[in-house]
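Next up is one chain by itself, shown in structure tokens, the form predicted alone.
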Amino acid sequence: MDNNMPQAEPIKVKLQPNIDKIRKDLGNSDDIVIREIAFGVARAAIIYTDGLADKKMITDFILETPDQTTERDNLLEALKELAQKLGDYKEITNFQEIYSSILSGGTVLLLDGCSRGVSASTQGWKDRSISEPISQVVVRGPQEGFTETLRTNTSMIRRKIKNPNLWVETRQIGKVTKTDVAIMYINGIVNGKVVKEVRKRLDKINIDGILESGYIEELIQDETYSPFPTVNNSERPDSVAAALLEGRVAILVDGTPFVLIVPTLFISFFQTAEDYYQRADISTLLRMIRFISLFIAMVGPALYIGITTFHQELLPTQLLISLAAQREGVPFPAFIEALLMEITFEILREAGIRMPRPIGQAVSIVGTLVIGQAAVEAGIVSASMVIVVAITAISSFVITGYSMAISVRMLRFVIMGLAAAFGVFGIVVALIALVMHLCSLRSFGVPYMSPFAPFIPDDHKDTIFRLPHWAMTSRPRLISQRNIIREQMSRPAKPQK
């Protein structure tokens, strides 16, 4: 269908010209079904898309059409009454509304001698059943994840938050795809300025198609050239519900199970839903492990390169002798050695993801073991370098946010280069530059490093340490700014003896 076509052209009074125009505009597509029936004393047409609409609902509707006794003046009202049995309906007056309805799974009903029609909601396509999330697995907690159907996803969130203040706004984005995009927020908790900014950025999008929420993320993010993500995503309804309760906004895109969450903070990528289902002490320990893993994944190889190349005096004598013996037959400097191993591991990781699942796991495990052992025996790399690269790779898997883990993997190579050129001094400069860059970022007006910079003591109840639920009485101040008090309860008292 031509985008320049005057789709807002009003519906004609005669039925046959309307049918001819619909067939022409839609290219006589085989999946566009147009059935003409006798509706009272007039002719009518039922138009829908095969595969998107529920055929049983439409067949039952045809069987209930009125007989010849219905007067022509009452046909449109009778049509509306019948459409009520199909579900939600609305009156339409132009061809743009016709195309929007039938291409979204609805059914359009047109009458001969009437310049108006009725669009009924008859969506009936096949969708994937609710299953366990793939990318955000938990040991304890709900085992359900979003699907590719927008209304299924919104209903899963409403199951978690049964509150009339949970509002949903839906718009279509994409000149060709007309993809349904919904924003959800809790009125009275969310910051109105954030909602307004989300609407503004979504309305500015002018693109042919939206096929996944990644399109939206890239078009609304605050920083284009920053390695750090300023928009978070989740495929878990409980995680999205928790974000809404903190005053954030969720953006749902039809056709993808990944829901965007804004505004987001740096600390958000190291928190999981399970942190709030385990005891506070266990959750705190796990979070500390994640931050240690972040440090290892980012600067582990760089520290090895810097110390072994420039600062050997920092190592114990026995360890230094052992490392020197291992590197005796290695023809490359430590930087090239680490670079070769890191690139090899990234290739194996990507191959394991893209290949069929049973084969991919075997390639990742066997390939890593075989290549690592063969490289050491061939004298290309040292055994200590294999250990460092392996620990670094495992640490990168601990980071809960996949987009943040990719950012760390990219920065690792930059820091390795600085360590090869300037030693530990280069690593320190790189870390200072990263901290300064992180402090300059914002996500929909909220400082990215909040509550560390700016430092907000009351918001540190749920950062590196997670206090018990009864102690987290307030929402993050820079996110909500309204209805800050989350709960009012004291520490559970011990029973009296």
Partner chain sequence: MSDTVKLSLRQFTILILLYSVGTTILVIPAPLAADARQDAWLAAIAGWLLGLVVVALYVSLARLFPGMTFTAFLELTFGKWLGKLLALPFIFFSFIGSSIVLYYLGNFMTTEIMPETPIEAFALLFAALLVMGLRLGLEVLARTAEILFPWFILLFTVLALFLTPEIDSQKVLPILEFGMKPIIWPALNFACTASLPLYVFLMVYPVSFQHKKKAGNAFFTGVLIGGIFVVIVTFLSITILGVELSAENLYPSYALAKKINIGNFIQRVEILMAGMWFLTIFFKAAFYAYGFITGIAQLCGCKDYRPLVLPCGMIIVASSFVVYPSVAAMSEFESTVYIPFAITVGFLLPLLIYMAGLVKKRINHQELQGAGTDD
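Positions refer to the first chain, counted from 1. Remember, it's a predicted structure, so these values are computed and weren't measured experimentally.
Another form, the form predicted in complex with the partner chain, is not on view; read the next lines as being about it.
- Residue heavy atoms within 4.5 Å of the partner chain in the model of the complex occur in exactly one stretch of 440-448, 466-474, 22-30, 51-59, and that stretch is 440-448.
- Among residues of the shown chain, residue 105 is not one whose heavy atoms approach the partner chain to within 4.5 Å in the model of the complex.
- In the model of the complex, residue 316 approaches the partner chain with a heavy atom inside 4.5 Å.
- At least one heavy atom of residue 425 is located within 4.5 Å of the partner chain in the model of the complex.
- Heavy atoms of residue 311 reach within 4.5 Å of the partner chain in the model of the complex, making it an interface residue.
- Though the partner chain is absent from this view, in the model of the complex it lies within 4.5 Å of a heavy atom of just one residue from 37, 41, 453, 34, which is 453.
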